[in-house]
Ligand code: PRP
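Next up is one chain by itself, shown in structure tokens, the form predicted alone.
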């Protein structure tokens, strides 16, 4: 039987749909969408998808039941398993933070000494406490950590924060950041040679998709006397492409820009004579 890799993704949760969409953007077609099943196979790539609970993924990858996994860095760090982080995936950003009731006059970490802290991440919290010489009581709970101070279970919480709206709605405020996280792809450390060949093909596709997401194709028109000035602030992958227009004395300039760079240079481009600026998404980009 031909070699296939197994990749574990969240069966449900904040990373589930984005993880599957990323694989689809890599041209991987699944025979089913994972609803009501624990295993799906790609029809056009040697890859099987395992749909698992978030907390189970690290162990499945470490013991080789799954070759790869997509999950949050926070879950990997909390689990303590030995896996190889292959790639940060640029989605699912959040942070593990300490939060206290809004009416607390919080000054510094000394406030937590002697307090009770509720969390679903006891290992990361305890490590942080040791590093910062905090002596507090840790209550490990799963789910709805943010209600712990309101029901008298704890004085503070340590939980994941993205927008902060959940803290706000529960009368809490974020006071310390312990760990910054985003989605990552991890791998078992003992993938065989045949598996590594498949993995390298998958990483090549991922690179093409992720590079495209962070870049935009830009086309603009400019009088010929302005071209050199525009090119000086508009780098391409190697250099911009300049194409003469039908209108005499004008050229079209084509380039690729990181999206963040674009907003930094747009005013400069206009001041140097750029007109009719088009910004177009890129589906795949191989550099």
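These numbers come from a predicted model, not from an experiment. Positions refer to the first chain, counted from 1.
As for the form predicted in complex with the named molecule, it is not shown, yet the points below apply to it.
| Of these, 160, 209, 134, 124, which has a heavy atom no more than 4.5 Å from the named molecule in the predicted bound form? | Exactly one residue meets the criterion: 160.
| task | Find the only residue in 165, 200, 113, 140 having a heavy atom within 4.5 Å of the named molecule in the predicted bound form. | result | Exactly one residue meets the criterion: 165.
| query | Which single stretch, out of 104 to 112, 192 to 200, 179 to 187, 152 to 160, brings residue heavy atoms within 4.5 Å of the named molecule in the predicted bound form? | reply | That would be 152 to 160.
| 4.5 angstroms heavy atom contact with the named molecule in the predicted bound form for residue 62 | The answer is no: residue 62 has no heavy atom within 4.5 Å of the named molecule.
| Is residue 56 a contact residue for the named molecule in the predicted bound form, using a 4.5 Å heavy atom cut-off? | Residue 56: no contact with the named molecule in the predicted bound form.
| Does at least one non-hydrogen atom of residue 14 fall within 4.5 angstroms of the named molecule in the predicted bound form? | Heavy-atom contact with the named molecule at 4.5 Å: present for residue 14.
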